[in-house]
Structure formats: C-alpha cells, structure tokens
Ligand code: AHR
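The data below hold one chain only, encoded as structure tokens and taken in the form predicted on its own.
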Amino acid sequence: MAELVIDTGHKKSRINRELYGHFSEHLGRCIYEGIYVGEDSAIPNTNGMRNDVVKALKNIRIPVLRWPGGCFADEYHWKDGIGPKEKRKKMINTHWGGVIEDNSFGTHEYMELCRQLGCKTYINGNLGSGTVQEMSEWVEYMTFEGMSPMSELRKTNGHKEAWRVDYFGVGNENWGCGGNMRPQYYADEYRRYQTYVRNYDRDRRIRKIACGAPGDDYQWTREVLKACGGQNAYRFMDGLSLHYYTSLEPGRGSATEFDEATYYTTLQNAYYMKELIERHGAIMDVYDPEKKIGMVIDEWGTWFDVEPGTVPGFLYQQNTMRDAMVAAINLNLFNKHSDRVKMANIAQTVNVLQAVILTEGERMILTPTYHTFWLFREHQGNWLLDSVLEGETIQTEKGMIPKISESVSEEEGGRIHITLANLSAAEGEAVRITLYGRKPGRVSGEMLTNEMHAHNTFEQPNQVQVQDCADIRVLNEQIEVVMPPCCVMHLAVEP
C-alpha cells in the first residue's frame, strides 16, 4: 500500500490557472477543420468557430491559448491575416506539409476564438523573419485605444475597441527553426524587439516571454539570462520558455502499437521533465532568486509517428491511455513546481500531436488526454499543499520511476483536491492518505482507467471515459482508495 501524507497547514505556492494552457499552431488540421471551419460551413459554428470544440474546451476551463506557433510564428506576417478574407495573401506553409495557407484565420479570428472560450491570449511574435517595426505595429494594432495608423486600421477592419494581449512571446525556438541563433545573439535581439512590445494601457500590461531552451540546453538558459541583465533580467522579461517533448528516440514509434517495456520507457522519458524543471530552475534562481520570471513550458506532450495514411507534415497521431499517463505525470510535476513554473501549453489542442480533441468532418471525439485535463481542472488557481508519497517503484529500461504520481491543492473554500496516477500497466494499488491538521469530511472521486492501448475512435468514441470511484473509505483522519492499473484519479475532500 502506498502512503500519501498531506500537511494541510503548509500552503506552498499558487497554482496558476495558466499551467493548464493549450497551444494551437497553423499546422495540419489544428486550426483549419479542427477549430475554425468558416462561417459558411455546414458544421455548427459561431463566427466560424466549431461549437462542439469550443464547448469541450470551455468544459475543461481552458485558461490560455498560444497562437500562431510554433515554427509557423517566425514566418508569419500578421498583416497577411487581416482585412477582407478574399483579399488576404495566400502562402505556402513551408514548415508543415507544404500546403496553402490562405490566412482566413488571423488576428481578428484568434481574438474572437479567445472571446468565445473566455480564456487569456498568448500571441507569439515573429522575431526570426520579421522586423521590429512589424512586431511593434502588431502590438499597436491589437492594444492601442487612441488614434494611430494601426488603431485606425483595426477599426477599418471592423473592431473599434482594443483587445487585451495577456502574453506575448518574442520569437519561438530561435535556437532552431526561428533563426538558428546563438544564445547571446538571440538575447541581444530579444532586448531590442521587446522594447517595442509597449504597454499602451497600464492596467493591461503585456507579459513578455523570452525564447528559452530546447530540453537540456542549460547553456542557453544561462547565457540568455546573463545577456539580458543577469539579476536585472526581470526588467526585460516576465517569462522564459522551455520546450520538451516525450518521445522515443531514435525514431518515435507508433502511438497505438507498443509493448509494456516501451510503455514504461515512455513514462520514464516523461519524468525527465522533473530534472529539466529543477536544473533550469536552479540556473534561473541564480539570476532571479525572487522568482519574478516564470518558467513557461509552452510546448510539451508526446510526439509519436503520424497515423498511417496521413500527411507526415500534419503530425496527426492517435491518443491512448499511455498519453493520459504522460499528461498526468506532467500536470502533477507542474503543480509541484508551481513556485517557478507559471504557464504550460500542451502541444497541441486539436488534431496535432498529443491533442485533447480529434475531429473528422462534423464528428468530434475527446481523447484520454482531454479526460485527464478534466480530472485535473479543479487545481486551477488553488494553493499547492505540501505532500509526500512513499510507495513502490517501477523498473524501466532506463531506470526507476514511482508507481504513483501525485499532487494536492486546496481551494479558497477549504476543499482539498488530490490527483493520483497509477502508472502500472498491470497492477492495481491501494493508497492510504493521511491529512495532518484536519479530519476529512465527505470524499468523492472520479477516475479514468483502461488497458494501456485503449483509445477513442470515431466509430467507438466512448471506449475511454471518466467514471465515478467506487472504492473509497474514510477512517478518522485517513482516506483509503484502491486504484486499478493504468489509472488517473481525482479525489475531492470536503472541509
């Protein structure tokens, strides 16, 4: 039996809602067909946005949506995506599939999508192939209320009021597809470009995100922070990004066909996120000891081979219970490091990589990853509670991982939320939970569990879905629960 001890008197850090963010790029069928079908589509929509997708994302309380990329961001010229749709420039999406991008989804459409979702905006600007003037004018176009060439252009295009830009990324993956820059060069460019990401309204301050490291490139983190002022780097940036995908190098492997050893290797690779957060975080602590700069993990998730018969550049992959376990590991890690990690954005929202939603024409299915976000949704905005779990470990080909992943938070009214993941593919696990400082009230629970290959299809959309927990017992200050194999669970403990 695993033992989870929770110190209800020790609130550690606030879990930003943005830790549960999403990422949508002009890639494959993420935007077009997945989110945006156009006003004239037979698929039910509101101003071109699929009603079913918007409703599903609102149900998991999507807090923030990153757009337009990704690698696409550093070849995106925003003026191509405004004005009458029939007059917008068409281009080749050179990064993703070589298909025609007609720019029918641009700034106005993105802002309308975020309005419908009720989420914050996170726009990634073009530093790689764009100019300072271009970035400056985009910010002015979106956020300036007064009279200026860009605000007048926005009004001409049908939107009188300025929008709110909550986060602005100054470049993306500039160590690679965003320009193949060295860290010192990028830092100098970042300092210059961010100067012109102006706050036209002091009550609506834009939080600026600098391009951070790929995986374990700790030198990038160190050099960018040093070149941006060292311990004064917080004056130039509010966040520093980190990108890491859970994959199976060499080669990525099938999303649905894998053996038990590969399943555990995938989970071991997912746990590498913990080392990345802590080692990059230690470097950030040197230059930012007061944690004024947030770590922003704005691309994470699994990356497997595309589904047979689909366009390789569209990155369309299925989504099994293995993906649900990867999501649970990461979300628990983000919660437990919420003193430093302030935003995270899974890649990607619909039809690409570890998507929470898949669409096919008018049909839509929710993936096991979607249901994991559902189970974790109550953590948003809560206080992280100190918790320690002692239990068995699992031997993988690359080392040991905990059998149970966990995190615990408390909402303002005193209700405690516990998320657990039993990573074993074959063995159940009993967990005894002790609340120090409080006697638990009523406990309710829901869970996602199935065989590790299980996934939803358009023919069988409900193979994997959330169900109520039946095996919960409360004894004095302890709670006992039995978890099936390959299971993600959420427990709510009333005060």
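Computed from a predicted structure; not experimentally measured. All residue numbers are counted from 1 along the displayed sequence.
Keep in mind that the form predicted in complex with this ligand is not shown, yet the notes after this line are about it.
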Open item on the list: Looking at 102-110, 297-305, 234-242, 132-140, which stretch has residues with any non-hydrogen atom within 4.5 Å of this ligand in the predicted bound form?
Closed with: 297-305
Open item on the list: Looking at Trp96, Trp163, Tyr193, Tyr316 here, can you tell me which has any non-hydrogen atom within 4.5 angstroms of this ligand in the predicted bound form?
Closed with: Trp96
Open item on the list: Counting any non-hydrogen atom inside 4.5 Å, which residue from Leu225, Ala270, Leu353, Val170 sits next to this ligand in the predicted bound form?
Closed with: Leu353
Open item on the list: With the partner left out here, check for me: in the predicted bound form, does some heavy atom of Cys71 sit within 4.5 Å of this ligand?
Closed with: yes
Open item on the list: With a cut-off of 4.5 Å between heavy atoms, is Thr369 one of the residues that contacts this ligand in the predicted bound form?
Closed with: no
Task: Contact of Leu27 with this ligand in the predicted bound form (heavy atom, 4.5 Å) - done: yes
Task: this ligand contact at Gln348 in the predicted bound form, heavy atom, 4.5 Å - done: yes
- [ ] For the stretch 1-23, return the residues whose heavy atoms include at least one within 4.5 Å of this ligand in the predicted bound form, in the order they occur.
- [x] Phe23
